[in-house]
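Two forms of the same protein chain are encoded below as structure tokens; each is given separately, as structure 1 and structure 2.
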Structure 1
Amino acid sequence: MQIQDLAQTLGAHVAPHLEIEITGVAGMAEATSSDITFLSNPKYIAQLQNSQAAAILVSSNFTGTTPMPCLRVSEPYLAFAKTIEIFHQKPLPECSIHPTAIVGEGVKLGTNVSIGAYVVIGNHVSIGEGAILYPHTVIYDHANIGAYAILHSHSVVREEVEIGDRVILQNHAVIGADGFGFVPCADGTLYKIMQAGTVIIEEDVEIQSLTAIDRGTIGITRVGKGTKIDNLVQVGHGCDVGQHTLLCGMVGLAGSTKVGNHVTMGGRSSSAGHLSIGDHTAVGMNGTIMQSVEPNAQISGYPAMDLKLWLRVIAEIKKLPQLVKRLRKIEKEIGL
């Protein structure tokens, strides 16, 4: 693709009359002499000297110089993502209903849906226009799947669950299985509480592989629009996760946790139940939240605390044995 055409497609500014054939897209280090790369964070500028890239996407207000021609865009990382789509096209399955798919009674199928082999759709389900259900997807009764949703193989949508438009479920995502609710009885046994609630996944959410979003006893477990959830995450019964929030791999939310909008929870961070995590908060890897968190906080640690404090704490924790020695020395010195 000619660089001028690429610039036009991306809405980028490039030196006129420049003529380069771009054949691919790659990171700075991996780019070949016909690839385009990108500079999103100025701290990587030094690495540009060693890059073979034919051209580079930079921010409109970038003032440095680069060894290769620039395409100036308002959001270089976003332009990079769009460039990947130009050079790597993934074919989608064809719009058809595989003869082995089992479709229940009273099911409404939108136009142009793709229903793969051995998909099982329960009764009174609605599947939106253009939705793609890969083989071995199972949809229980009375669930709704939004338009242009993509459900990968072995994903499960349980009874009455609502899946919004353009939602993506990666393989083995489980939406709406029973929450963990039991009554501890006087005789020492545990009595299962019927999980009569449901789950709503709003539009443009992605839920990755092997993640469970549970239904609760009563009421709704919700994941807000545009939120992205990584692999092996648990969203407990009755949680309310906000919009445009990131839950990284192995995050665990106990029941009835409220997570705000634009939150980032790092890998394997977790929250006790019935807490509230404010908008725009960032939780570090492995942070263990044991009390509610204000908006705009940056926290980490076990228990989770202010990130800067945690960084000082872990610096000191390593010196704890030395610290004890110093204390003993003082005690000796003053005769304690």
Structure 2
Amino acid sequence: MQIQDLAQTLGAHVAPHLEIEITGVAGMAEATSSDITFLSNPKYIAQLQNSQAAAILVSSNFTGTTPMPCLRVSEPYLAFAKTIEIFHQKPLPECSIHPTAIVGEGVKLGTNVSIGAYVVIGNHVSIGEGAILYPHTVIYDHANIGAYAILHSHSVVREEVEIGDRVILQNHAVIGADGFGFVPCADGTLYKIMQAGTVIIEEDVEIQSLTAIDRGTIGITRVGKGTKIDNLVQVGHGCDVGQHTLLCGMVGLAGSTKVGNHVTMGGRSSSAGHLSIGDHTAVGMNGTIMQSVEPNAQISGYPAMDLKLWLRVIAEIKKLPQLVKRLRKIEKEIGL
């Protein structure tokens, strides 16, 4: 693509009459003389001098110098993501039903649906227009799949679960399995509590591989519009996750946790059940939340606390061996 055409597609500003053919997209270090790259974080400016890229996406207010032409955009990272889509378009499967697929009774299929090999669809399922079900996907009875949803191989949607429009389920995601609920009995056994609720995944959600969203015990587990959930995440029964929230790898939410809108939970962070996490909160990696959190908080640590306080705590932890040595010396001197 000529650089002027690319700039027009992205809504970018570029020097007029510049003629460069762009054939690919790459990071600064990997880019060749026909690739475009991007700069969104100022700390990587020094790497530009060694980059072989043909052009670079920078912010509109960028004032530095670059060894290659700039395309100025309001959000370079977003423009970079859109550029990848331009140069790396994935082929879509045919709109057809593979002869090995099993389709139950009373199934309602929208137009232009693709159902791959060995897909199993239960009875009275609804699948919206343009949905794609890759091979070995399983849909239980009375589930609803929205328009243009994409369900990758071995993803499972359990009974009566609702999947919104344009939802993406990556491989081996399980939506609506039984929540973890048992009653300890007097004889020492555990009696399983029937999980009679369901799960609602709102539109534009993406749930990545090997993640489990459990159905409510008697209510709804909900994931809000636009939220993105990483690999190996556990969302317990009855949780309510807000809109445009990020749950990074191995996050664990115990049952009935309420997570607000625009929350970010770092990798391996977790929460106890029956608490709330306010809007726009950021939880650091490994943060463990034991009580409700107010909106706009930045927390980390175990147990989770204000981020600045946690940074001070871990700085002091490094001094503990020295402090213990001094304490023992003092105790010896005073005869304790």
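Numbering runs along the sequence of structure 1, starting at 1. Here the rigid core means the biggest group of C-alpha atoms that line up within 1.5 Å when the two forms are laid on top of each other. What you see is a predicted model; the values in this text were computed from it and never measured.
Remark: structure 1 matches the stated condition (the form predicted together with another copy of the chain).
Here H13 does not count as shifted, since its C-alpha moves by less than 2 Å between structures 1 and 2 after the core is aligned. Once the rigid core is overlaid between structures 1 and 2, V313 does not reach a Cα shift of 2 Å, moving by less than that.
Core fit done between structures 1 and 2; CA of R328 shifted by 3.7 Å.
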